[in-house]
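Have a look below at one chain only, the form predicted on its own, in structure tokens format.
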Amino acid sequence: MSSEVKPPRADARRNREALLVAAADVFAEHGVGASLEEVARRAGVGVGTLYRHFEQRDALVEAVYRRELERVVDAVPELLDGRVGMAALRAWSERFLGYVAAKRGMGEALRAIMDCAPELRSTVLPRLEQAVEELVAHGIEDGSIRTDARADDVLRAMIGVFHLPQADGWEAQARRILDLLLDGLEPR
């Protein structure tokens, strides 16, 4: 008997992706306590299919978080294509803000998962750091970002937006804070 692990079938991969897309939408609308039956319905699969892919709600929340974050991080090359560094960083910060805004309902669950799954934190933060490092380095090189800018400082300031109290006007305040941060990165 072979000990090789076979890759999932194409229909299983499609179902998993459909579940992640549906869960991201449902969680954004109703928080992570939303009905998993609703997630399955929107994905066009049965609840049994959902549980075959994600045995626990936390596993689904973590998978949605990883998928959405990877989409933000993976956008860096596209954003750098033909743009100066500051313009690319501004465009990326807009995507990051959109990501954070969509995940506000997931905040409490994500914090709990991060506490229980240190490997998630150890894989997520380096990917974010790498993305911001690439954007800042590009901007320093082309002169659109000041030479003393540090990517780790920029990222930590952006992550601070996630910790703003959830209230009316949160997104407008977050945009103002990001504008202040990015304006401060421009050369004097």
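Remember, predicted model here, so these are calculated numbers, not experimental data. In this text, rigid core is short for the largest set of C-alphas that superpose within 1.5 Å between two forms. One-based numbering along the sequence shown.
If you look for the form predicted in complex with the DNA, you will not find it shown, but the lines that follow are about it.
In the predicted complex, the one of Val124, Ala149, Ala157, Ala34 near the DNA [non-hydrogen atom within 4.5 angstroms]: Result of the distance check: Ala34.
Check all three, Arg14, Thr49 and His53, heavy atom within 4.5 Å of the DNA in the predicted complex: Looking in the predicted complex, the three residues Arg14, Thr49 and His53 all sit within 4.5 Å of the DNA (heavy atoms).
Ala10, heavy atom within 4.5 angstroms of the DNA in the predicted complex: Result yes; Ala10 sits at the interface with the DNA in the predicted complex.
Touches the DNA in the predicted complex: Gly44 (any heavy atom, 4.5 Å): So Gly44 counts as contacting the DNA.
Heavy atom of His138 within 4.5 Å of the DNA in the predicted complex: Judged by the heavy-atom cut-off of 4.5 Å, His138 is well away from the DNA in the predicted complex.
Partner-proximal stretch of 53-61, 130-138, 66-74, 149-157 relative to the DNA in the predicted complex, 4.5 angstroms, heavy atom: Result of the contact check: 53-61.
Core-aligned C-alpha movement of Ser144 between this form and the one not shown, 2 Å or more: Shift at Ser144: below 2 Å after core fit.
Displaced residue check between this form and the one not shown: Ala174, CA, 2 Å or over, core reference: No; that C-alpha moves by less than 2 Å between this form and the one not shown.
Cα distance between Leu128 and Ala59, which in the predicted complex differs by 3 Å or more from this form, closer or farther: Compared with the form shown here, the C-alpha atoms of Leu128 and Ala59 sit closer together in the predicted complex, by 3 Å or more.
Distance direction in the predicted complex for the C-alpha atoms of Arg14 and Trp92, relative to the displayed form (3 angstroms or more): More distant in the predicted complex, by 3 Å or more.
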